[in-house]
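Read the single chain below, which is given as C-alpha cells and is the form predicted alone.
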C-alpha cells in the first residue's frame, strides 16, 4: 500500500491569527502541527475560532491554563461531550468522562477496581506471556507492520480480558473503537457518516446487552467490567438505560485501547528519531518506566478534550460565553516550554517525567493510566531483551483525526540477538 501524499504545511507564522484553522486533522496526519500550537502558546493562548466543521470553539494551549480549567468543573463542564463534536440530540450517550460530580464519581467508582493494585499485579504475568508470544512470532530481518502485529494485537487481547469478552469475537472491540472515533467532522471528511456510526453503536449495544443478561446472577466473581457494573448499587441497573450503558461501554473500549495502542507504535518512531535515547535505555534498562512516561507525553494519543462553559466567564482576559466549547489541547500543553524543560526533545530520563497531560488532570485523570504504563513497560522490557535492532522500514502512516493521534501503519524491521 502506497503512503498518502504529504500535504504541505501552512506557513503558520505568516497567517493572520483569525485565519488559523485549529480544526484541520491533517496537521496530525502529516505531523506538521508543532508550528500552529507554538504560535498559539506565544500569541493567542486562549484563542477563538469562529467557524469549523464542528462549529465555533475556543482553544486553550498552555499547560497551566489547561490544568486550571480541568480543575474548575463548576465553570467548565464535561457535559454534554468531551470532543469538539456536538452529540446528536437523539444520541447523547452518557459516560462518566462526560459527566460532572457527583454522577461522575459514582459511575467511575463502580469500575475503578479493575485497575486496583491487586488486579494489576495479577495482570502482569498475563500481559508478559502474551507479549512474549507476539514478539517471538515476528519475522526477522524483513518488513512487517508493527501496528497490526504488535500494537493492535496486544491491546485487543487486553480489552477482551477486561470485559471477559468472547475470545473469538475480540476483534470487534478494536473495530468498534475505531468506528466510534471516526466521525467525518473530525477526519477532514474522510470518516463515517452519522447513520453508519449509529449502526456500529447499535451492534455494540446489542452484543453487550446480551453479555449483561448472560452474566446477571451467574455467580461469577465481579472481576470483569460488566460484572463490576452489575455489582455496584449505583450502576446495577445501568443496562435499563441504554444510552448510559452504551456510553460507558464506548468510553471503556476507547480508553482501554487508543492511548496504549498508539503509544506502542509511537515509541518505535521516537527511539528511531532519537537513537541516543535507545543507546541510553539499552545501557540501563532501569530507565524503561521513565521512557514509557516520555513516550506517552511525546505521543499525546488524545490531542484534545473539550469542556463547555456553564456561564459567562472571563479567562485570561477573554470573554467566554455560556455554552461555548472550550478545547483543552493536551498536545500543546505537553510541549509548553514554560512547564516542561526541553519539550521538543524526546528525553527518557527527564526530571518530573510523569508530569505530562496525556492522561488529563483533575477528577478526569485517566483511570487506566497505570495499566497502560504497565503494558508499555512490559513491551519494551521484552523487546529490548530479544531484539538487537528495531528499525523503521518505511514511512509511518498516521490517522487523519482531530481526537485520536495515532498510526494506521508502521513498517518495521527487527533483528534478534
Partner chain sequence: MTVVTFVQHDGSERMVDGDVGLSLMETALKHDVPGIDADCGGGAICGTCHCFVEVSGDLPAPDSQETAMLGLRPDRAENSRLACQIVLAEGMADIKVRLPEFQM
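Numbering follows the first chain given and starts at 1. These figures come from a predicted structure and were not determined experimentally.
Just so you know, the form predicted in complex with its partner chain exists too; it's not on screen, but the next bit is about it.
key: Answer option from 227, 306, 104, 152, heavy atom within 4.5 Å of its partner chain in the predicted complex   = Here the answer is residue option 104.
- Could you tell me which one of 233, 139, 117, 166 places a heavy atom within 4.5 Å of its partner chain in the predicted complex? In short, 117.
Close approach of residue 338 to its partner chain in the predicted complex, 4.5 Å, heavy atom:
Residue 338 lies outside the contact set for its partner chain.
4.5 Å heavy atom contact, residue 352 and its partner chain in the predicted complex: Yes, residue 352 is a contact residue.
**Q.** Partner proximity in the predicted complex: residue 376 to its partner chain, non-hydrogen atom cutoff 4.5 Å
**A.** No.
Next item on the list: May I ask you to check whether residue 52 falls inside a 4.5 Å heavy atom distance of its partner chain in the predicted complex?
Entry: Flag for residue 52 set to no.
Next item on the list: Have a look at 38-46, 380-388, 363-371, 22-30 and name the one stretch with heavy atoms inside 4.5 Å of its partner chain in the predicted complex.
Entry: Among the listed stretches, the partner-contacting one is 363-371.
Exercise. Look at the candidate spot formed by 67, 71 and 109 and say whether its partner chain comes within 4.5 Å of a heavy atom in all three of them in the predicted complex.
Key: Yes, the whole candidate spot contacts its partner chain.
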